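What follows is a single chain, given as structure tokens, in the form predicted alone.
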């Protein structure tokens, strides 16, 4: 694979050359993978989506090269910075091999669902590749990858040999994808057979289904794997409430770990139906079969704050992002504190709680402080067991990629 192929018009034009602000130069040199539109101070011509842009510094020396996106506030997603080199077929193959090597030794045969490429943090800005057994899901977050999509799929197929590759598109680029070339669509099969039944994979020996065609993210929340494993190790003999349960990952991990009961709480009937199917997939496991599973369809915020008086030995709070932009950060911090307080009120004596956040605009310290404050305000004695961050297959190498955090507490 060469650098992502460009529309024919771009091939007849001189190389797209940019100069950026002094501050942007410093960010690039420090390893930041984004160049914002307002940082571009000079451009030799208009660029097309997916074109390779070369950035030069104030001394007219090569600084970086990346994918150009004229329709995004992130105008260039950096592929390489430092000394100039050819982004040829060998370079692209090496990039993919390097990402795969970072996962070497992380998983055994009991885990066949994990992330192979985590965007910018693996050198593939705006692109993620997840594995669900032999089905790979390629998720694009920028239209800049569309011109090179066939080459990328070919490279993945040749180097990693999946049974099939499914294309998933971020909502903000779906319209652009429809109008690009012959058109691209979310859920398209790039290679391999059609998806005619649920794609099933293993996580720590537990069977889960992934909705690779229409599900959130790429079909499952793989980033919470380590926290689910931790819940399973702590849940024995406990009644577990899994708020914002989605497809029941935490509940099933708790059941496998010996929980007495597991309650999935979610507003979506589709999510709860998926949780029931996941429990059924593991019904031959004695621990799962012995765990009482129930589903509650309700708004988790309202239900937790409501009048139901049932208490649980383990409460898991894993809401969707509460701050999708910086302006929502302060409100999200307050919401995390309220949510933690409501969760604590549901705990029995010696109860455990896992509180999680996937809001990149709320820092780890802000989130942990909010939960600790709620714990302190509860009037109950508590012990902080541990805090967790990104799983090893979801590295975060720059601030904007640093979103996942969890905190485990035990209350007297």
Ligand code: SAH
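Residue numbers count along the first chain shown, from 1. In this text, all values refer to a predicted model and were calculated from it rather than measured experimentally.
Below, we turn to the form predicted in complex with the named molecule, even though it does not appear here.
In the predicted complex, residue 244 approaches the named molecule with a heavy atom inside 4.5 Å. Using a 4.5 Å cutoff between non-hydrogen atoms, residue 92 does not count as a contact of the named molecule in the predicted complex. The closest non-hydrogen atom of residue 118 lies beyond 4.5 Å of the named molecule in the predicted complex. In the predicted complex, the named molecule sits beyond 4.5 Å of every heavy atom of residue 306.
Segments offered: 145 to 153, 264 to 272, 84 to 92, 232 to 240. Contacting the named molecule in the predicted complex at heavy atom distances within 4.5 Å is 264 to 272. For the options 276, 174, 134, 216, the residue carrying a heavy atom within 4.5 angstroms of the named molecule in the predicted complex is 216.
Listed residues 169, 300, 166, 78 were compared with the named molecule in the predicted complex; 300 is the one with a heavy atom within 4.5 Å.
Using a 4.5 Å cut-off to the named molecule in the predicted complex, not one of 359, 390 and 395 places a heavy atom inside that distance. Contacts between stretch 209 to 232 and the named molecule, counted in the predicted complex as any heavy atom lying within 4.5 Å, involve 216, 221, 224, 228, listed in sequence order.
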